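Next up is one chain by itself, shown in structure tokens, the form predicted alone.
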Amino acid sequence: MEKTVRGTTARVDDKVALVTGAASGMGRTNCIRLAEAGADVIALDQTSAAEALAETASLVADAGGRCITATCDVVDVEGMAAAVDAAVVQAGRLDIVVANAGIYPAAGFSWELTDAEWQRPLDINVTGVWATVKATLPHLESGASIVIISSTNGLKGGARVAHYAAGKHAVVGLARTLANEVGPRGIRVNTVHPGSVATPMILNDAVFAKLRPDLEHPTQNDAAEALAKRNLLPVPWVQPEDVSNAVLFLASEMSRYVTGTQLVVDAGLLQKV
């Protein structure tokens, strides 16, 4: 008889989760939240982030989890495979993959973007996700979960973000395809779509200037005023922990029959008319 999943809190006890872009922002928060829920963590980021990655590992340990760190550029397909293989040998297994690594590039109208400005976010936000999945799938068994971090810009367009929106739409197509390909193996694949999140990716002077071009030196409060107007709920942004709670749900057995879907965490941004 099939077991019933009970309880009011998502748990991932005795699981091992790999998180890319783990040195800071939502990646770090994902690592901590999964550790709090019982998982050991493989935290992966680029070599230049090694010091911050060590801090993530310390925070995971404080949350009660074992943390194995690995460094590699997510667009390096062969390097990713080698880094993942070595980390999984050390961890003993792999159950959860969170493809979180991504960049939010400088804004520009589609026709203004240089070849390099167009290509770099696609390399990281799309090819990096594909490389992550390619490297981790050989280690996954029935019951495993793959969670890909997209964006509200993966479900709608927006002016001056063609390179970002195109990539975030692309990983939705990738996730839906993967869900079909690996579903027969008992592996689930879903995407999470944050709106504005209170991390350095949003909370920086360049984004403030984009949000408030009417001001010479806009502040965080100025940007918050602009962002709050976009949402149904009276907040300018969600916290990274809100996104990590969604990731935990999709990683846990509480979502055991959820696959090929898009979970939005945006304070009502997409529904605002």
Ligand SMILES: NC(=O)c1ccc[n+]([C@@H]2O[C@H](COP(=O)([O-])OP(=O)(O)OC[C@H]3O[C@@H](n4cnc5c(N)ncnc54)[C@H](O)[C@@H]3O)[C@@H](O)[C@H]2O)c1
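Numbering starts at 1 and follows the sequence shown. The model shown is predicted, which means the values in this text are computed figures rather than measured ones.
The same protein has a further form, the form predicted in complex with the ligand, not shown here; the description that follows concerns it.
**Student:** Just to confirm, residue 259 within 4.5 Å of the ligand in the model of the complex by heavy atoms?
**Tutor:** Looking in the model of the complex, residue contacts with the ligand do not include residue 259, since no heavy atom lies within 4.5 Å.
**Student:** Given that the partner is absent here, does residue 101 sit within 4.5 Å of the ligand in the model of the complex, heavy atoms only?
**Tutor:** Contact check for residue 101: yes, within 4.5 Å of the ligand in the model of the complex.
**Student:** Does the 4.5 Å heavy atom contact test between residue 73 and the ligand in the model of the complex come out positive?
**Tutor:** Residue 73 belongs to the contact set for the ligand.
**Student:** Does residue 135 reach the ligand in the model of the complex, with heavy atoms at most 4.5 Å apart?
**Tutor:** Residue 135: no, not in contact with the ligand in the model of the complex.
**Student:** Name the single residue among 126, 197, 172, 165 that comes within 4.5 Å of the ligand in the model of the complex, judging by heavy atoms.
**Tutor:** Going through each option in turn, the one that passes is 197.
**Student:** Looking at 211, 224, 63, 49, which has any heavy atom no more than 4.5 Å from the ligand in the model of the complex?
**Tutor:** Selected option: 49.
**Student:** Tell me which of 174 to 182, 86 to 94, 136 to 144, 102 to 110 has residues with heavy atoms within 4.5 angstroms of the ligand in the model of the complex?
**Tutor:** Partner-contacting stretch among the options: 102 to 110.
**Student:** If you look in the model of the complex, which residues in 144 to 176 sit within 4.5 Å of the ligand (heavy atoms)?
**Tutor:** Heavy-atom contacts to the ligand in the model of the complex: 149, 150, 151, 164, 168.
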